[in-house]
Ligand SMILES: Cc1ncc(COP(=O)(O)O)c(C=O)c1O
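In the form predicted alone, a lone chain appears below as structure tokens.
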Amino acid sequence: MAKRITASMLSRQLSGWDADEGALHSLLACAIRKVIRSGAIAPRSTLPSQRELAQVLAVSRTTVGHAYQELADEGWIVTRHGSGTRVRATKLRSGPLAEDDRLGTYTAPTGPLDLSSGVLQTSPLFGKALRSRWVQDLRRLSFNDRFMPWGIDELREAVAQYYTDLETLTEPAQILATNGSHHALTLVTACMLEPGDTVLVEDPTYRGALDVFSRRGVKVIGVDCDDNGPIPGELATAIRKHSPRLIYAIPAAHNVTGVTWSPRRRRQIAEIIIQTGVPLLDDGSTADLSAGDHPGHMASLLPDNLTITVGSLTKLFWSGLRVGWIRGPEPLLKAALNARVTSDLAGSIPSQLLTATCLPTAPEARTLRRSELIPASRTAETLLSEWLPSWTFSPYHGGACLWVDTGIDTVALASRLRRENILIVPGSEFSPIDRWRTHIRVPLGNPGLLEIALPRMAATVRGVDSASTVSACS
């Protein structure tokens, strides 16, 4: 279906376009050509204006104009006065449509100052798990000669106990193992949502979820939030207006704001869900990073048929431990099981066994993470105040980053910084409607990196033309 491609959307597709040698307009034309050829932009879609694209890419309008002219000469696009620049429908394309790719930084070349990821350093407790008797258990499991798509018993039992310890009574039969929480989210989306369905999300939210929903062809509606979570009146209104199939939320140590819903807000949201019957997908992948005690999960306040929870230990132990799970009702788990066996048959047994070994030490791992992240947040706050005093942010609530308002267009800032080998993620990538254009996520996993990157960022910011300043979206 033809649509208008915003400058922010196109810039995500063009990540790293200027990394090679050559004239900028030729590099830009080449990158846009590849995006069109891949099928990531639908035929007859309208491209952003030269002025808009120049602003977000931090190049001159002349550069964009020459790039568009080159593409027009080759027959890829056509410009008509009054109707803008459109992608022609006569060129061959291949591949699935993925117009709003928000995870491009995962595959783009990284530089020495990579602030695009919220990955945390490996916990010392993971090394302790490696020295445990898990190898002996693996020898025993190695005699198994069948795939185990549900997950090994040891993992499902350990996850069930993990939730039960957090006052959410859970049985192993309520758990399906996955290859990380993102995989869990993808499976739930495939089973519960059809193209054209509507899902409600917090705005801002996890950019990976927006990517998953976009690829499914789902309509995503953002709900405004405050320091306690989604505003109940806004959520209730959105449900009445849009009749969503699902609500996706991150109730604890929100990725990216760090907010944890207050107990009162949790009860209010639960009441709305029970009254409307719209199920909640609780993304608990960051919940272990709360600055205070673990707040528990929404499943403790909701009936089983109205709540699905996904999680993993990636944040607590090691980003390479690609094991997650779905906690949900039996019909959903069976559907998710059928969906996962068509893609990967089953998960890695050694990884699941390691995760089962780590799970009982989750309380200790939470304490250790807090002892790392709280000082790291203070370091980041001090550096920001020293080098970028006009930037504002709320005190650290939890999570792996600070959510910072720069007061300037961060899409253009990201383009400028990338040419200096500093990678950031603009705030608009965390919004279903490209809000938060003045925000960025500042990761806390490597304070030493911030000590190098933030002074260099400050020098770039001082050189940003005042014309790029935009009003804050909040």
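Please read all numbers here as calculations on a predicted model, not as lab measurements. In case it trips you up, residue 1 is the first one in the sequence shown, and so on.
One more form of this protein, predicted together with the named molecule, exists but is not displayed; see below.
For the options Val159, Val188, Ile250, Leu176, the one in contact with the named molecule in the predicted bound form, meaning a heavy atom within 4.5 Å, is Ile250. Of the candidates Ser123, Asn255, Ser116, Gln352, Asn255 is the one whose heavy atoms come within 4.5 Å of the named molecule in the predicted bound form; the others do not.
With the partner omitted here, the stretch from 315-323, 391-399, 166-174, 224-232 that lies within 4.5 Å of the named molecule by heavy atoms in the predicted bound form is 315-323.
Although the partner is absent here, Trp403 sits far enough away that none of its heavy atoms falls within 4.5 Å of the named molecule in the predicted bound form. Contact between Ser377 and the named molecule in the predicted bound form is not found at the 4.5 Å heavy atom cutoff. Within 4.5 Å of some heavy atom of the named molecule in the predicted bound form lies at least one heavy atom of Tyr206.
Although the partner is absent from this view, Ser285 contacts the named molecule in the predicted bound form, with a non-hydrogen atom inside 4.5 angstroms.
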